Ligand SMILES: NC(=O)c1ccc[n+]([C@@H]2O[C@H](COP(=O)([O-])OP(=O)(O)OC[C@H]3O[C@@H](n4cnc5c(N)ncnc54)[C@H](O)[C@@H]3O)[C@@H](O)[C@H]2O)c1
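Quick heads-up: it's one chain on its own, the form predicted on its own, in structure tokens.
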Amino acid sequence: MSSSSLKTKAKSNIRVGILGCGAIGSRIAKSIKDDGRAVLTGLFDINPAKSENLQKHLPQKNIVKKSYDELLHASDLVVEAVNAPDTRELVRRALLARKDVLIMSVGKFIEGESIFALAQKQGVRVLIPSGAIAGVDALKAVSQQRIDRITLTTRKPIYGFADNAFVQQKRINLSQITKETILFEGNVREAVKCFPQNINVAATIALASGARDKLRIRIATSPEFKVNSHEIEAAGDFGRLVTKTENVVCPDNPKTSYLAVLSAVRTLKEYFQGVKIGT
């Protein structure tokens, strides 16, 4: 279901297809080296210009696909990096085609039981990187005990919320914010719905802990914030857990932490090598 279920692939040169050639998909594509373990064999984006432009910056040639079906045919593993209304269906199609999938749009899978069950039925794997937070390994471990509560406080620079529909609906004037301001406080389902491009980490916490109904989310911004930070506090029979990460933003996408991309790259490296470190 997750990266914890990795097993060594028997064959070399695992074929990797990139679904979504924006900032995140592009950086992951550039990280894949043809080293006898993996080879980049496909790019697909609903906007052909994006995949064509990405290929110009890659050593691999003639890997742009005209359709998603072509991408699936050319891949053993699909990297999902689209965060679109039909993301779940795209992942489902990959699993039905017996492809392993690395999911970046984790917020789309807060209710992911059916997708994970399908992966198990098909004998394939769903990989979910830790993303922009620390402590996922510990949350997975303590999920075996009772968790009483979890809180996630996310703080991001003001420009990271530009064009956010929830902010606009609430008529929050970002230009008038002069100090730390709470934009949202509520449960994880509401958070990923209102901030689909900002709060994938909330879904990751919910899935790792198995305690989504005890998870509360706070999202704040301020002119003083220069980095994306995520602070987790959890308590239960296991004791108390507190982690905090302060991440520089992805150079190509201010709504994403660079650590999220690095986490995905590392997850793929362990998948290719068949060696997993950590819970």
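Quick caveat, the model's predicted, so the values are computed rather than measured. For every residue, the number given is its place in the sequence shown, counted from 1.
Missing here is the form predicted together with this ligand; even so, the following discussion is about that form.
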Quick one: from V106, V101, I150, A191, grab the residue that has a heavy atom within 4.5 Å of this ligand in the predicted bound form. V106
Tell me, which of D86, E180, E185, E111 has a heavy atom within 4.5 angstroms of this ligand in the predicted bound form? D86
Taking the partner as it appears in the predicted bound form, which of 114-122, 166-174, 75-83, 135-143 has residues with heavy atoms within 4.5 Å of this ligand? 75-83
Would V39 show up as a contact with this ligand in the predicted bound form if we use heavy atoms at 4.5 Å? no
Is N253 one of the residues lying within 4.5 Å of this ligand in the predicted bound form, judged by heavy atom distances? yes
Does this ligand come within 4.5 Å of any heavy atom of L207 in the predicted bound form? no
Any of the heavy atoms of N200 lying within 4.5 Å of this ligand in the predicted bound form? yes
Partner contacts in the predicted bound form for 21-60 (non-hydrogen atom within 4.5 angstroms of this ligand): C21, G22, A23, I24, G25, F44, D45, I46, N47, K50
